[in-house]
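As structure tokens, one chain now follows by itself in the form predicted alone.
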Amino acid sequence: MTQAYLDSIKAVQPSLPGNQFPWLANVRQAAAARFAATGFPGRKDEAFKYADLKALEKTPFVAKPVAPASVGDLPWIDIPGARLAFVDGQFRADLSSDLSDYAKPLSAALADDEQAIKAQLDASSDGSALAQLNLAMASDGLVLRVPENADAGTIQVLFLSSGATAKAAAHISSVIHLESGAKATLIERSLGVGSEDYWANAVSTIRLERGAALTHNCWQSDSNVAMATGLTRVSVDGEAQYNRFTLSTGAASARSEIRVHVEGSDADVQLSGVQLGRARQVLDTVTYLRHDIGHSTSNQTYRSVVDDNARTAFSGKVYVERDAQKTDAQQSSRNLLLARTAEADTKPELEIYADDVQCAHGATVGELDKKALFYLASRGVSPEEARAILVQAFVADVIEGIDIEPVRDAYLKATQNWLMAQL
């Protein structure tokens, strides 16, 4: 099946933005060559142990130029700021609003910020096969560049798949760069409509210079017949802050990989997320957090709720370099099974070479507390309502940490809707 994807690359590359730049054509060709050499990772690859890539291997999802699809009202969160909409991998100016010099589609930014984009795309060239395909066939994406000490405010981005064509692939490549002291809040959502299956493959490269702060909220709500894969690479300099929350509720099979490299002292990284799986969904979250410099902190808090025959997985690794003394790294993964047929896999890891650190991890897998259910039933609460109350409390513990009220409310409502669908 590798050849089918290589044929797809040849077919789609002439229509991709930026063909007038020889360096970009070279980047794309090199990425295609790396994919040809490796192919898709298998289950023997530890990083993809829990990922379900069979659909990608059996029947190729091909990227190809598509006519702009007609979509209804988009589910923006009611909050001021720029709004960028992408449909089937293409930027849609007619669905976007309040654009600024800070946030642009990749297709428009290539000519304005060639060198910065080239540097970050080059930095992303060492990834997996999924990243190489993305680099070879990315049709568009977000470019967010915030200058020194500026505040970009809130930027919302919607990546919508119309499902107009079966086995279609949309590769999105985003480049985010906050210079020293810059601030931004980025709210991303991927979603799908229609009944046809598709593959949404997103790669983001984020660079935070000294003292920069990025709040990054993501919601994966793709169609229940879709494949969704995402890779985010983040470099964090001294005194910078990266705060990310991810809600994963959609797709037949989804994989989210977050790789953070702490490169300066007094940096702070907060990663958290909630996975809600049902039917036969496979939801996989992978994190890798590397501390190269000491006197920095990181915290990872993840929750999964699994019902029916679904499966969730969390693999989180913290790596502390020998010179990264005074590092404080914490990690927590808690998983709730709502059915005996559901499955939750969790694999926290610590690899520490410094001797003056505070690092810990914990993981649990269990069912709803029968005593708590009995307590609620004794006070007239129905079994269905009691279950919903306990599950909501389990995930709200993490979601309540979101500082932006409209975003927090939207995510809480999404979990409530998921629970009501289960009753």
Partner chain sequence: MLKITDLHVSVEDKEILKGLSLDIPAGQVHAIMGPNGAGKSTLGYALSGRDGYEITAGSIELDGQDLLELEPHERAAEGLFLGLQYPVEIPGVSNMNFLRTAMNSIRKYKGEEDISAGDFLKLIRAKAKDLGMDAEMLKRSVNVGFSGGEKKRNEMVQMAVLDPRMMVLDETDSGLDIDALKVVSDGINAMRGADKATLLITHYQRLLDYVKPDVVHVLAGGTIVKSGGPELALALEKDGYAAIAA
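Small disclaimer: the values here were computed from a predicted structure and weren't measured. Residue numbers count along the first chain shown, from 1.
This protein has a second form, the form predicted in complex with its partner chain, left out of what is shown; the following refers to that one.
Quiz item: Would D356 count as a contact of its partner chain in the predicted bound form, using a 4.5 angstroms cut-off between non-hydrogen atoms?
Solution: Heavy-atom contact with its partner chain at 4.5 Å: absent for D356.
Quiz item: Are any of the heavy atoms in E385 no more than 4.5 Å from a heavy atom of its partner chain in the predicted bound form?
Solution: E385 belongs to the contact set for its partner chain.
Quiz item: Would V381 count as touching its partner chain in the predicted bound form under a 4.5 Å heavy atom rule?
Solution: Taking the distances in the predicted bound form, the answer for V381 is yes, it comes within 4.5 Å of its partner chain.
Exercise. State yes or no: in the predicted bound form, is some non-hydrogen atom of K58 no more than 4.5 angstroms from a non-hydrogen atom of its partner chain?
Key: Although its partner chain is absent here, K58 would stay clear of it in the predicted bound form, with no heavy atoms inside 4.5 Å.
Exercise. Within 4.5 Å of its partner chain in the predicted bound form, counting heavy atoms only, one of 49 to 57, 23 to 31, 389 to 397, 36 to 44 shows up; tell me which.
Key: Partner-contacting stretch among the options: 389 to 397.
Quiz item: Which residue, V62, V365, L368, L376, has a heavy atom that falls within 4.5 Å of its partner chain in the predicted bound form?
Solution: The option sitting close enough to the partner is L376.
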